[in-house]
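Quick heads-up: it's one chain on its own, the form predicted on its own, in structure tokens.
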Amino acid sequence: MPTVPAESLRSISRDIFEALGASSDDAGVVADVLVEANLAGHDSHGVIRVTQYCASVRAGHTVPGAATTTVRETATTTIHDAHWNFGPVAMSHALADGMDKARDLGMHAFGIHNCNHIGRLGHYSDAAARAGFVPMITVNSTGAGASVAPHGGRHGRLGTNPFCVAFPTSDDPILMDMTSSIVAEGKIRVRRNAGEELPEGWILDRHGNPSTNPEDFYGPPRGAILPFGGPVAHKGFALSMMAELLSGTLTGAGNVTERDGHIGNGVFCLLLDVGAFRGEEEFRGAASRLGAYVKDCEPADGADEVLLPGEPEHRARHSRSASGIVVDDTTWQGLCAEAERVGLPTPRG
């Protein structure tokens, strides 16, 4: 498995997307979102997605260059239509617009329709928190993306439906980015690429029986991922329903009952300007002191220390920025194939 510098992965990915019709700026945005996921330690949302995004362009499901437009607006809410451009492009545009509006009124909420996969939610929440906002983001899987079984069910009815919230501090944000399912689909893909079995309790096969074989999830026919929580999985299921209603039903982007075969993300984002509630520096200091107090707890047996939400990602970013990103062979071969297909030189690991 090659170890590749982050900048090289950005360049490879950007060049591929640009060759497929994206502008240089848009291609750079998509590449940044994917590579930043690798840097954060979440290979499930990194360049493993390049082949998926390329296939979507070739199938006509992604429309490079499509402009994000506003279809509904009030003083504190905006609904955007991405017109099926790359999801990271639409989300980056909507987030920048939302932060500008939240500065004026203290808060702003937006949704996005007709939006492809936006990537790792933590990428956007980290940026918003560093700018002085408390973001809350949820997405669902529109179209045909029903891959998670409800609590007590045997077959997929919902998406992995993640929640992401972040808070600014005097240093790195405290950031929660989690699926309401036991695991993100991409992490099953990573295990499959590595030829590894899955932990027990992650998936059901096509018949609704527990399995540890990744192929039993992908099928065909497809199995299902379980909601998080194990013996209390009703909690993960409840969160998934809330994400479905916020991201799909409230915004009008569409929920899993409205299937048209075009899988994407319905997006809901609420932005709170910390400065509208109290002095921003005062808040950052208070949040930092809370984090330090929690981390000062004596570690339990088998644990080296208490890690705050988001801390593993911040550490991974520092480490991988220095040492490079290990890319699994299947993903690397896919990157090389996509580069060759659009007439670019074969990347070197």
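Small disclaimer: the values here were computed from a predicted structure and weren't measured. The first residue of the sequence shown is number 1, and the count goes up from there.
Just so you know, the form predicted in complex with a small molecule exists too; it's not on screen, but the next bit is about it.
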Students should find that, of 148, 102, 118, 269, the residue having a non-hydrogen atom no more than 4.5 angstroms from the small molecule in the model of the complex is 118
Students should find that, of 83, 187, 235, 155, the residue having a non-hydrogen atom no more than 4.5 angstroms from the small molecule in the model of the complex is 187
Among 274-282, 172-180, 107-115, 70-78, the stretch whose residues bring a heavy atom within 4.5 Å of the small molecule in the model of the complex is 172-180
Residue 162 within 4.5 Å of the small molecule in the model of the complex, heavy atoms: yes
Hey, in the model of the complex, does residue 299 get a heavy atom within 4.5 angstroms of the small molecule? no
Whether residue 308 contacts the small molecule in the model of the complex should be assessed with a 4.5 Å heavy atom distance threshold; does it?
yes
With the partner left out of view, is residue 313 within 4.5 angstroms of the small molecule in the model of the complex by any non-hydrogen atom? yes
